[in-house]
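Presented below, as structure tokens, is a lone chain in the form predicted on its own.
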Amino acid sequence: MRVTFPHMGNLWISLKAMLTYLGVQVIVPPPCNKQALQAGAKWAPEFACLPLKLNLGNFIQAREMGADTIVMAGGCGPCRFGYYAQVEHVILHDLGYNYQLVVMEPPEKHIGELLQRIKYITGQNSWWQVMQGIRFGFRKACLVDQLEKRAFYLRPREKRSGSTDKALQEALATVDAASNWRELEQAKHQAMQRLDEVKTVQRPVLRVALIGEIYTLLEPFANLELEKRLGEMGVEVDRSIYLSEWINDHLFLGLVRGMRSSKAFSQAAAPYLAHFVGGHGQESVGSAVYYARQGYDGAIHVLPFTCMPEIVAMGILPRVSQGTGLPVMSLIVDEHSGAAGVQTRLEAFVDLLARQKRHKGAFA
């Protein structure tokens, strides 16, 4: 069995670590790229959202590298993602790519099925070994998030352009290379030290929150490297969703204490949207309220074209903006999105935020 999975930002580091720890052979597809998008968009339904098209491209590229089994998350509720795995599997089958499909359904809905699927993948490993593998992968997810947060701080303050990106890539490679707990502790120290070597200068920065749908928030190819572009414009960003927080909320059911939970966003959304609308729609509304309370200068709402839950959120966010005073810009992405257009919109939004802050006298 040679297992592959779709890319979603740096998820691959954590998943690869967990499966390799348990002796499963892993085929990581190439990072999301134009070829993957073209291959996926060619065979996907026209109005399917961007994540499905990129996932499909990942699986086509991974099959050519020798993968024969797909591990894919499932889902419940009013969002099309819940049946994407089956749709992708049928398309791949019709194209002659004969994959085995393993769908991991959320534990709060299908705990028996989830355990059965985990056992199918992990084979003869005991449940104790499986738990250790999951812990190891989760620890890497936490460390990756820690490194990304540090990069968010450094990027708008770096003395030499590009030094943060270079340090982050080296730090992530160090974490990926760790194959046991001892090496992971050493990797943590080396990775943080590498980022600490980035030289910075003190300058005023804007703080902008990135909120919205999880895939387009976490996958830099899908959002045209939004975090990097904003950092280069002197903006410190924060994301409403980090991988480790999502794992704790949805797979561990909040068992790890001391981590931020999406429940806080759902509660904050109550005056504007008091019920679940599928995906991360309610959380997107609540996170705008949350970041307004935190004193952020603005928020960018990122969503794939035709994403129903985020379209609901997008319709409500102007009222949130009016009620809280937080400027919010929505950015819809699909295979036709162009870097130049996104850059222009970001520059206009950042310029607006800077002028607003200067007007308040808070931006020296």
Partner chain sequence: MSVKVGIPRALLYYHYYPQWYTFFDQLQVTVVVSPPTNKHILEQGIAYCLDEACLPVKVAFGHLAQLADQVDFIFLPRLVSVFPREYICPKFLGLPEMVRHSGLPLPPLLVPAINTYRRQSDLMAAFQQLGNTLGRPDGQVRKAARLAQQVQQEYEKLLLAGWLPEQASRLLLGRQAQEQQVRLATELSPSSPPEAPEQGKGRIAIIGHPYLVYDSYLNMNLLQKLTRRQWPVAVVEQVSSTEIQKQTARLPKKIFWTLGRLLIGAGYHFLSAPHVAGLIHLSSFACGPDALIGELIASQARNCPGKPFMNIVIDEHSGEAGLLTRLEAFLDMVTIAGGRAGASA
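Quick caveat, the model's predicted, so the values are computed rather than measured. Positions refer to the first chain, counted from 1.
Below, we refer to the form predicted together with the partner chain, which is not included among the displayed structures.
- Should F221 be classed as touching the partner chain in the model of the complex when contacts are defined as heavy atoms within 4.5 Å? Looking in the model of the complex, residue contacts with the partner chain do not include F221, since no heavy atom lies within 4.5 Å.
- Message: Contact with the partner chain in the model of the complex for R80, defined as at least one heavy atom pair within 4.5 Å: yes or no?
- Response: It does: once the partner chain is placed as it appears in the model of the complex, R80 has a heavy atom within 4.5 Å of it.
- Consider F305 of the chain shown here, and say whether it contacts the partner chain in the model of the complex, taking contact as heavy atoms within 4.5 Å. It does: once the partner chain is placed as it appears in the model of the complex, F305 has a heavy atom within 4.5 Å of it.
- Task: State yes or no: in the model of the complex, is some non-hydrogen atom of G40 no more than 4.5 angstroms from a non-hydrogen atom of the partner chain?
- Result: No.
- Query: Within 4.5 Å of the partner chain in the model of the complex, do we find a heavy atom from each of E64, G66 and L331?
  - Reply: Not a single residue of the candidate spot has a heavy atom within 4.5 Å of the partner chain in the model of the complex.
- Message: Can you work out which of V130, V205, M72, I91 has a heavy atom no more than 4.5 Å from the partner chain in the model of the complex?
- Response: By the 4.5 Å heavy-atom cutoff, the listed residue in contact is I91.
- Given that the partner chain is left out here, which of L184, A292, V277, V102 has a heavy atom within 4.5 Å of it in the model of the complex? The residue from L184, A292, V277, V102 that makes the contact is V277.
- Looking at 22 to 30, 335 to 343, 309 to 317, 292 to 300, which one sits within 4.5 Å of the partner chain in the model of the complex if you count heavy atoms only? Of the options given, it is 309 to 317.
- Item | Contacts with the partner chain in the model of the complex - residues in 174 to 190 whose heavy atoms fall within 4.5 Å | Result: empty, none.
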